[in-house]
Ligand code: ATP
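Taking the form predicted on its own, here's one chain by itself in structure tokens.
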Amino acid sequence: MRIGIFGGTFDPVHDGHVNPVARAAERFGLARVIWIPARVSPLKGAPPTDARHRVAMVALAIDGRPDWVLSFDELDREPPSYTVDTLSALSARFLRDELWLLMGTDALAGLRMWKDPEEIVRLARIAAFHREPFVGQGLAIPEVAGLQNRLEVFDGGSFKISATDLRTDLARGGSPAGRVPGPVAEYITKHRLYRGVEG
């Protein structure tokens, strides 16, 4: 069985997360996708929003997809949240399954900076999606041993949405509608998230 692994701070989870994952699941025949909110990303630092809200938003975003599940693996560990540690734990749990790590091509470009990238590539195939329209300008593939044979790059639907820009817009009074799943937009509005907190 192929299992997709998709991690991030999800602050907030938005259509630029949900739609590419749906495309990846269909394209690569992923029987399950595990969504893993990070406690603290080593490359981003502490997220501005409490984990309870971030988890609730992911739960709302994936509701109705029984093949998508929420994992607390990284929230239950001491920070920072290293992908290689998460994949090691999951590979031990799913011994007979093939793990597929999902990420944007922007994250792929920085893969060499991650902890033990060669081990990441050994533990999981990489499926990287373009976050904005791809016009053939080329893609910089990081020099990580074994990556070329374990990498699939695909069109994630060209959703140019940044969580940082979204938070900034919401802090200025903008609406989340049209950029996040409907239930997530309602949750953000109800709990007045990101009001007056830019970045």
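So that there is no doubt, residue numbering starts at 1 and follows the sequence shown. Since the model is a prediction, treat every value here as computed from it, not as a measurement.
Only in words, not in the display: the form predicted in complex with ligand ATP, which the text now covers.
The shortest heavy atom separation between K44 and ligand ATP in the predicted complex is within 4.5 Å. For the chain shown alone, P181 is not a contact residue for ligand ATP in the predicted complex, no non-hydrogen atom being within 4.5 angstroms. Interface membership of D106, defined by any non-hydrogen atom within 4.5 Å of ligand ATP in the predicted complex, is confirmed. The closest non-hydrogen atom of P176 lies beyond 4.5 Å of ligand ATP in the predicted complex. Heavy atoms within 4.5 Å of ligand ATP in the predicted complex are found in exactly one of 164 to 172, 60 to 68, 24 to 32, 140 to 148, that being 164 to 172. Each of F6, P20 and H130 comes within 4.5 Å of ligand ATP in the predicted complex, counting any heavy atom.
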